[in-house]
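As structure tokens, one chain now follows by itself in the form predicted on its own.
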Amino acid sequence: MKRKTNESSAIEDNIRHCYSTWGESYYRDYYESATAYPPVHTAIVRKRLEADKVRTLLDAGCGPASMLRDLDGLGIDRYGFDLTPEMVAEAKRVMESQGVAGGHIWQGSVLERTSFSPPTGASAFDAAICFGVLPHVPSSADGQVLSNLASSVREGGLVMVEARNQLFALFTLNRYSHAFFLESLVDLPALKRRASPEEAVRLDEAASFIGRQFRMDLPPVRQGKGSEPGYDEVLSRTHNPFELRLAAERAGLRDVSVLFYHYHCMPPMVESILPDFFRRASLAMEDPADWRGHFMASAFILAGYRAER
């Protein structure tokens, strides 16, 4: 089993600090608030869990039981762990109010295989979900997290893991687009190696021209409430759905599908021009299987099953 590196430990320290003040307010701010986009991903998960007749579920990185609490009433034995103590405390409080034993919620890291085994001794879950976590994992650890998720479910068990959609940057026309064009699509160092000294200077001019085509001031950098770092001030990666699907298959998942959500009917920078219509039109687009989700949805879910040995 791989051990966490010093880099991974430092990243997790920052993540804990970032989320330390969100325990009691996170669900209210992102699931209940009228200004937040509705949690359409919960409906996607609920539908799949019901279709697969899941009876035991692990939420890896459960936060304050944001999703677990909304899966009440399905007859599922629910478990979860999170990295941040404040989130764990709130999750315990919420789940105990729904009749779930406190031992079903514990503190742990998705980078550690032992965290996927609850103190109660339950194992081989029917399903495991992981939402809002992968953006905060270093790229070198993606495979480890996917492998841990696959190992936590029985053979044929369901795994659903969420990621921010890197390809959405092709639609946003902002600083994310700039980074995607010049860091992921265009290999500027490689081009310069093929260029003469004069051409290399012109390549820099070309890169600057590309950069001027995007709104580099958008979206605003999300900062913390106080002394803690904000979401954009800690590691918060996006993932390419094509690459992540291959990684999931290498980690032992089969029949992997990509389900898109949180659509945007137009680039988000124009939402303020007609906010009510923008919200209605975007919600009307919500279809996990729509090919436009590759570019117009800001998030996606990988759903697959642990392969039989």
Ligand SMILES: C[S@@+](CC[C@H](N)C(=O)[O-])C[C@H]1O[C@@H](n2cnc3c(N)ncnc32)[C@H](O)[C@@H]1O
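Counting begins at 1, following the sequence as shown. Predicted model only: the values in this text are computed from it and were never measured.
Keep in mind that the form predicted together with this ligand is not shown, yet the notes after this line are about it.
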According to a 4.5 angstroms non-hydrogen atom cut-off, is Phe300 in contact with this ligand in the predicted complex?
no
Check Met296 for me: does it contact this ligand in the predicted complex (non-hydrogen atoms, 4.5 angstroms)?
no
Contact between Met87 and this ligand in the predicted complex at 4.5 Å, heavy atoms?
yes
Could you tell me if Leu83 has a non-hydrogen atom within 4.5 Å of this ligand in the predicted complex?
yes
Of Ser109, Ser177, Gln144, Thr238, the only residue with a heavy atom within 4.5 Å of this ligand in the predicted complex is Ser109
Using a 4.5 Å cut on heavy atoms, which of Val54, Ile44, Met67, Ala251 is close to this ligand in the predicted complex?
Met67
Specify the contacting stretch among 152 to 160, 127 to 135, 196 to 204, 178 to 186, defined as having any heavy atom within 4.5 Å of this ligand in the predicted complex.
127 to 135
Counting only heavy atoms, which residues in 17 to 33 are within 4.5 Å of this ligand in the predicted complex?
Tyr19, Tyr26, Tyr31
